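Only one chain is shown below, in structure tokens, and it's the form predicted on its own.
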Amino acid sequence: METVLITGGSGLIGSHLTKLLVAEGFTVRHLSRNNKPNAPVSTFSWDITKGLIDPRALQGVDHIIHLSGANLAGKRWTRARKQELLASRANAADLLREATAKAGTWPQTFISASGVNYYGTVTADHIFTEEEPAAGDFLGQLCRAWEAAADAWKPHCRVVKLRTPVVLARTGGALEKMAAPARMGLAAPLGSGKQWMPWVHIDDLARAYLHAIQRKDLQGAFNVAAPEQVRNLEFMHVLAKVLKRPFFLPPVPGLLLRMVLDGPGNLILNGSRAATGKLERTGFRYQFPQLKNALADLLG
């Protein structure tokens, strides 16, 4: 029975992944900033800002999955907030590596979350592949630093980086926020509606992490986005259709979203497609490759 340590294990992705791994027979541990006496798995404390990790968390670990990271859309992107976004990702991976080095035993695998925003917050017809360089904007450089911190583990173990788009789940995350007005008949495109919206069903994303553990030959970066990628206009139209609600409102002005959300506004108003063939060529198959079926499963 192999042991998996997850950072950010109580979050949207981590909680789904934990259930899947436990069902598959893995022993799962979480690293958390807060004491969680009622947590479903063993939970150990860490503090990124103070550089502290409970050393017991690292004992006998076969795989580490690094999911922790402050919410990109949670607050305005002030200078302090940008530093927090970076520290919660890259600095956290560095702290884990330093603590593991002190413990003297390395895991078989270090799997890190990343984002398709590696390619930048742009809207283009180009389909970005894993071989392309990071964009020069804030999110591109954030993902670059995030992945560089993961690559620092390469001398010691296998490293996999999963670049993730919008994650669709029943509760929590972007879909819940988009579905709320749509249920009231208020679905509308955001900005021009022309921006692409790469997405993935939460179950497929959890399975991709399991796939990364089980396929011992997997290394490097992989886009984890469903094959059917649509523009925001079509996404909102399909959402309204699945909910059996009208779709007639004009777009929400992009200027308004930028004023209200500052940096996160650009995240919502821009997007391009991410190639999915590299992951699929490793034998991974999406259970929800099409948007309509994914939304029907989550909202039905």
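None of these values were measured; they are calculated from a predicted model. Start at 1 and count along the sequence shown; that's the residue number.
Another form, the form predicted in complex with a small molecule, is not on view; read the next lines as being about it.
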**Study point:** All of 228, 271 and 278 within 4.5 Å of the small molecule in the predicted bound form, heavy atom check
**Key:** no
Review point. Thinking of the small molecule in the predicted bound form, which stretch from 129-137, 107-115, 152-160, 187-195 has heavy atoms inside 4.5 Å of it?
Key: 107-115
**Study point:** 4.5 Å heavy atom contact, residue 257 to the small molecule in the predicted bound form
**Key:** no
Check your understanding: Taking heavy atoms and a 4.5 Å cut-off, does residue 10 contact the small molecule in the predicted bound form?
Key -> yes
Point to revise | residue 164: touches the small molecule in the predicted bound form, heavy atom cutoff 4.5 angstroms | key: yes
Review point. Heavy atoms within 4.5 Å of the small molecule in the predicted bound form: does residue 266 have any?
Key: no
Practice item. Taking 4.5 Å between heavy atoms as the contact cutoff, choose which of 61, 67, 239, 28 touches the small molecule in the predicted bound form. Key: 67
Point to revise | Among the candidates 78, 71, 214, 171, the residue which, in the predicted bound form, approaches the small molecule to within 4.5 Å (heavy atoms) | key: 71
